[in-house]
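We begin with a single chain expressed as structure tokens, specifically the form predicted alone.
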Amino acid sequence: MFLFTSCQVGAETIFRAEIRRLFPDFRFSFSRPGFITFKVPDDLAGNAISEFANRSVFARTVAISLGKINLEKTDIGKTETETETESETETKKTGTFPFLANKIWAIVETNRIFVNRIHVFRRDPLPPGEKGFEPGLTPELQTLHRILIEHSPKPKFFGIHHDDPNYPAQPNETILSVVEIDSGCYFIGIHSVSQGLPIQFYYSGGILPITIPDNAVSRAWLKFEEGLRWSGFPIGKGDNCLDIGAAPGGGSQVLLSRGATVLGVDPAEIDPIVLNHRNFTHIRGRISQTKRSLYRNIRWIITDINVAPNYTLDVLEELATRKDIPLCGMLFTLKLFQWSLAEHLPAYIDRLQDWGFDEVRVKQLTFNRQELMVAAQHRQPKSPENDKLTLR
């Protein structure tokens, strides 16, 4: 059995190292930036997908490979000319989708697989945030999704439960994945969603359908919006939060949108949209220079500071280990200035567990750049007597 998986462009080397460490019997096969395939020994095939999905830090999605489709130039038309417009190129490409759909369904019928849902995605052309690129479902891929449904051999091998390509899969559904690797090259795969898988594996390409709003003050909004959905942290109205290194305020903005009260600590300026929010207080300075009495009622901490992982942990440790803070959990990034820093991840996790956290999870999320998102939580946090911040 062959599996394929996707990851962030640029993370392939450290991702392969992770696979070798966790699954030494897997054998690598075809790969492209952001896309890796490997052979799984027969005796490990039964639980391979759930094991891989739950243990890998870098995998966005994983599926059993049913094969690859390479459309010939005669199928996709002539190559783009210098005078061809972008819309003409897209029209030419989408014009091949009915032909592609028939090929895909022929593979499904040959394997006698009943499909509940279709995921269509592409391997990323660039790292997130580079040249304005953000992962997501393009209009072209939405067209392919629609055509696949229209050409499906209903009802013998297809019983779709929802035709919205962004709608999450449900437990026990069988998902057909169609991945665009290069122009005219597609991988076809299958997997089932089971209870307990990370939230990404319920969506096409492991990409949560998140669009940054026009009033977002920084890209940190994307990171923490995705981070909160992934972690499942129940941050809401009345929760007191601390944002370390808050400027310009994207992470705080996400917390405020959920009704939380936020204390933002940073020597730099905060965007007026956040600064003027009635539930936000700015402490102008570094966290090491502030009074510790300010944090006695903090329940949640976030941070996205641009420093090495051990320094981030140094900043958090003093607050996380204090007995007078009724801390529920922390959500923060660890910057990998060199990908090799990910090799120290077990030591970082051990350090967090030494602080008394019951649950520590780490993932490179879709909208993370060269960094990891960490969620550390106490299952039974101490209940504070007075859970209100004094605002300015």
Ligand SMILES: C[S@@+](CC[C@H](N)C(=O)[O-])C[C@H]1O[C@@H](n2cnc3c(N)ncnc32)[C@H](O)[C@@H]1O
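One-based numbering along the sequence shown. Bear in mind the structure is a predicted one, so any value in this text is a computation, not a measurement.
The same protein also exists as the form predicted in complex with the ligand; that form is not shown, yet it is the one meant from here on.
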**Prompt:** Using heavy atoms and a 4.5 Å limit, would one call P267 a contact residue for the ligand in the predicted bound form?
**Reply:** yes
**Prompt:** Is D304 a contact residue for the ligand in the predicted bound form, using a 4.5 Å heavy atom cut-off?
**Reply:** yes
**Asked** Should G285 be classed as touching the ligand in the predicted bound form when contacts are defined as heavy atoms within 4.5 Å?
**Response** yes
**Item:** T261: touches the ligand in the predicted bound form, heavy atom cutoff 4.5 angstroms
**Value:** no
**Message:** So if I measure heavy atom distances to the ligand in the predicted bound form, which of the stretches 101-109, 194-202, 215-223, 174-182 falls within 4.5 Å?
**Reply:** 215-223
**Complete:** None of I244, L148, V120, C241 but one has a heavy atom within 4.5 Å of the ligand in the predicted bound form; the exception is I244
**Request:** Could you spot which one of P309, G136, G189, P248 gets a heavy atom to within 4.5 Å of the ligand in the predicted bound form?
**Result:** P248
